[in-house]
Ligand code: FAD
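Single chain ahead, written as structure tokens, the form predicted alone.
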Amino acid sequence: MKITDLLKDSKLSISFEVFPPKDDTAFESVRAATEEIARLCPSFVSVTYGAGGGTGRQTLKIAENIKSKFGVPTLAHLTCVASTRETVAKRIEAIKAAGIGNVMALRGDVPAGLAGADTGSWDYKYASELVRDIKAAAPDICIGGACYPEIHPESRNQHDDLAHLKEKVEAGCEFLTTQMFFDNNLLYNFLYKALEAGIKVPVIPGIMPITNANQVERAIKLSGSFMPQRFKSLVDRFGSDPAAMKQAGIAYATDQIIDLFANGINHVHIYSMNKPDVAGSIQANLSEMLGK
């Protein structure tokens, strides 16, 4: 089922993101964790892609397994950074052959070994170029893209960021999922500005449960996320107690989702970090709202 069809339902729902193993040695443990998350019967599960396509084969194996074994719709990530058009064409064919009907088209992070390289000759510079190639090669695939409530780290300002986002939508992107954020007002402000800019595709808020203090620094580094004082106080108070921090982080994420639901958002995507217990706890906290 296409993600856009799922988003037409007014029923409240959540989805989870999982990531594939970095190599074959960890495949079974990752597969087991992703299966536990799939057993929660989310509206869909998205499976990430390694930088430079390093875990692309594993992405499809995890996505195929979830789809075939549990009947849960899957969304396979695909990145294009440092890739040739020939390589991307082969990846698109592999996705089609696997029967995956939804793709998250991303530029991706530049691999560490290519940091500072001259990108002038690269086939892909922007995700919008990847969107066009997917649309041309597989018009039946539903294409998603990423967006940043607090602007993309490489954008000069939000006006430019929204202009690039609109280009991606016009290239064929059918829905958007946000980068993590910890203040819902940032999301509401972004939605207003996106609509004002003519971006009318569905936007799915992405929530990251921070369940240990070490995740905070990484979250800021990855997304430049603004940390509200309420969240900082939570980390200051419970960060040194792993069990308490986990409980507090789940509660904070749950509170964010409830506020989103209360303000007219019907679907929320949760960055589960392959943690079935965290995913399950959040779903349990929302059980009456979700009808589970």
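The first residue of the shown sequence is 1; numbering continues from there. Computed from a prediction, not measured in an experiment: that's the story for all the values here.
Absent from the display: the form predicted in complex with flavin-adenine dinucleotide (FAD). The rest refers to it.
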(message) Just checking whether His152 would be counted as a contact of flavin-adenine dinucleotide (FAD) in the predicted complex - the rule being heavy atoms within 4.5 angstroms.
(response) yes
(message) My question is simply whether Phe182 lines the interface with flavin-adenine dinucleotide (FAD) in the predicted complex - judged by any non-hydrogen atom within 4.5 Å.
(response) no
(message) My question is simply whether His164 lines the interface with flavin-adenine dinucleotide (FAD) in the predicted complex - judged by any non-hydrogen atom within 4.5 Å.
(response) yes
(message) I'd like to know whether Tyr126 contacts flavin-adenine dinucleotide (FAD) in the predicted complex, with contact meaning heavy atoms within 4.5 angstroms.
(response) yes
(request) Work out which of Thr211, Thr177, Asn102, Ser83 lies within 4.5 Å of flavin-adenine dinucleotide (FAD) in the predicted complex, going by heavy atoms. (result) Thr177
(message) Please tell me whether the candidate spot formed by Ser15, Val45 and Asp277 is one where all three residues come within 4.5 Å of flavin-adenine dinucleotide (FAD) in the predicted complex (heavy atoms).
(response) no
(request) Tell me the stretch among 195-203, 73-81, 182-190, 88-96 that has any heavy atom within 4.5 angstroms of flavin-adenine dinucleotide (FAD) in the predicted complex. (result) 73-81
(request) Scan 245-277 and note down the residues that get a heavy atom within 4.5 Å of flavin-adenine dinucleotide (FAD) in the predicted complex; none is a fine answer too. (result) Tyr271
